[in-house]
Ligand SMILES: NC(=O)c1ccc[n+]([C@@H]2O[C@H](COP(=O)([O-])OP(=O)(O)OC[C@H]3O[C@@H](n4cnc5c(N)ncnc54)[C@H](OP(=O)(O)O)[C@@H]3O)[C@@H](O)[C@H]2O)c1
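Below, in structure tokens: the form predicted on its own, a single chain.
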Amino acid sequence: MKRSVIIGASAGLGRALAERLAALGHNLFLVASDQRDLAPLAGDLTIRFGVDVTVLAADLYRVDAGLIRERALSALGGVDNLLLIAGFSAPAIDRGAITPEMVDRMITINLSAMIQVVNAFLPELANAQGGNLVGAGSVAAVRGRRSNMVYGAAKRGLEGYFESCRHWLANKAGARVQFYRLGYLETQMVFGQKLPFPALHPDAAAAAIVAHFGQDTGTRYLPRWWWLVMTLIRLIPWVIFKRLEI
């Protein structure tokens, strides 16, 4: 039976992945910030799919990666898949100068906490034959712009770290690496907003991610058509780009 750890499991894409993996018979270790969200999710998955689900409420802003690893190994006996889905953005204020606390929070949750968690699990991932290391990035990281400034920078840093993990794991009989530049997802984060492009349902995103398990795909867009959108945005000359409100 496969054993999967999901960081950011209580809502949106993380929750959809938990449901899909439970349906496939994975025992799960779920991490999110609020026990009130995790407990009913664990009970539901256990009843519906007959799998073992253990949860840990943890604040990624003050992450204890060693504790997460210790609890996960104790609950699962090992780890085959590590999925890092958690993230934090504040697009309404992440423009120009923002408070030092907000800068620290966005960099910690989106980058340094993710690196610490992956680093803690690297010994298991190096030996997890058939396993997977999955990261959630953002199309916001593809080209710097005046909105999502710190968030985009943190996600770009995370993408670079996953590239390094892919290289480190390449010649080992362990986990394969997949990293996704995500477009808009149908979550509370975009509820009520007028979006320039369609949003993908978390269930559809989860299905695509699980379908690529076992593949050494590196970085890819989800949905795939974002490749064309972002390629065009990257090709816009600076003299035009600097005038755009995007």
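Just count from 1 along the sequence shown to find any residue number. Everything numeric here is computed off the predicted structure, so don't read it as measured data.
Here the subject shifts to the form predicted together with this ligand, a form of this protein not shown in this document.
- Contact between I85 and this ligand in the predicted bound form is found at the 4.5 Å heavy atom cutoff.
- In the predicted bound form, this ligand lies farther than 4.5 Å from every heavy atom of F197.
- Although the partner is absent here, V134 sits far enough away that none of its heavy atoms falls within 4.5 Å of this ligand in the predicted bound form.
- Contact annotation for L60: at least one heavy atom lies within 4.5 Å of this ligand in the predicted bound form.
- Think of it this way: in the predicted bound form, this ligand has a heavy atom of just one of F213, Y221, Y184, F49 within 4.5 Å, and the residue is Y184.
- The contact with this ligand in the predicted bound form, taken as any heavy atom within 4.5 Å, belongs to D34 out of E70, D34, D203, D44.
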